[in-house]
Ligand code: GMT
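Just the one chain here, the form predicted alone, laid out as structure tokens.
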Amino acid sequence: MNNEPLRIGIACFPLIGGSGILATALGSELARRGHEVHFFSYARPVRLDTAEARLHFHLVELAHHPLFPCPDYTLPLAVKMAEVASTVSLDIIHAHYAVPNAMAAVLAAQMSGASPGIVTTLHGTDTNLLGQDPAYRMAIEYALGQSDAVTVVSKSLEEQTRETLNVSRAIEVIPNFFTPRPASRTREEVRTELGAGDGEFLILHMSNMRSGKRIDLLLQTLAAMRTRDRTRLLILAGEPIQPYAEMIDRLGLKKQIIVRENEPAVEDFISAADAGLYTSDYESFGLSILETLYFGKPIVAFDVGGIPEVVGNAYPLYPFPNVTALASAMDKLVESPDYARSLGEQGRKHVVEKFSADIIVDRYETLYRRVKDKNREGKALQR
């Protein structure tokens, strides 16, 4: 196998969300393996540590020109990637999302003399949201067609992409992975900071708080629990919880909910929790679920999208939107801590065996080298 280091560009969104977290973790793992990795975004990704060797971040400034009615991001992103691709001779640009990142990568490859290969990963938004919008659909299909390789994070998303978009090309399923960092504080320290008592069962929910995460069902599940008087709900939120303030008050949950926004050190909080609760109406994968399981915490969730691919046979899942079933399942965990710990260890064993960085990053490396070799052969034929 060719072990020559690669020069890889990664375009992603910097927010608390599956795509940004996966892209950041992937870049860090690649840098540790000796590759040179360049990130492109309009803000530094929350979990990106550029103090690590061979990791670089390139800030993309939004263009505000009086000629245009609104700020532009796609063209400045393409120009920045083209500049870096030409300067350092990028081998690969890995775009997380077709729009705008893969579209910008296509322009960058055409503008730069380096002509890097383009790998596009779909995380769900391109298919489930933008793919339904005629203003974006053709651009998404074009970006996928111009990419040298396309990946998705689950078989469920591949099937949905083919149903939604006009895509006949090969699509490779490469799931997400998670590399936990050791917690920097003890479980007791974090729980004390949160105000969670020793006898309280701490339920964790991590998400970007967008509509598909169904925070309304999350709150209804907590309200329906028989054991709610001995539980607290910790929400690690990527966006403000303010839109749900009225509902929290109406359900009488204000004293039971703890909110932390844009926390990069999720390991500390997962370690302090006792279980995870996820109520999405669809998940292309469910990275927060994977993160929760890695720390040996049981999860309760609906049987939707790619979640069954993540949990395997480790957990029962429940029909959407049966809040009563979720509440009953969580009550069982609260009432039987030994059962909760047993389920947690079962889940941890499953995800470590199937979704470790060693397994998944190897697959990306193999894909990158395949794309690079194909590009090299193509250039040789053009001479």
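None of the values given here were measured: they were computed from a predicted structure. Start at 1 with the first residue shown and count on from there.
A second form of this protein, the form predicted together with the named molecule, is not displayed here; the remarks below concern that form.
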| task | Using heavy atoms and a 4.5 Å cut-off, decide whether Thr125, Tyr282 and Gly286 all contact the named molecule in the predicted bound form. | result | yes
Of 269 to 277, 76 to 84, 286 to 294, 253 to 261, the segment with heavy atoms within 4.5 Å of the named molecule in the predicted bound form is residues 286 to 294
Although the named molecule is absent from this view, report whether Asn208 comes within 4.5 Å of it in the predicted bound form, heavy atoms only.
yes
Can Tyr97 be called a contact residue for the named molecule in the predicted bound form at 4.5 Å between heavy atoms? yes
Residue contact check: Arg214 to the named molecule in the predicted bound form, 4.5 Å heavy atom: no
* Asked: Does the named molecule come within 4.5 Å of any heavy atom of Ala301 in the predicted bound form?
  -> no
Residue within 4.5 Å of the named molecule in the predicted bound form by heavy atom, from Leu204, Val153, Ile92, Ala143, is Val153
Note: exactly one of Thr231, Ser147, Asn176, Ser112 sits with a heavy atom within 4.5 Å of the named molecule in the predicted bound form, namely Asn176
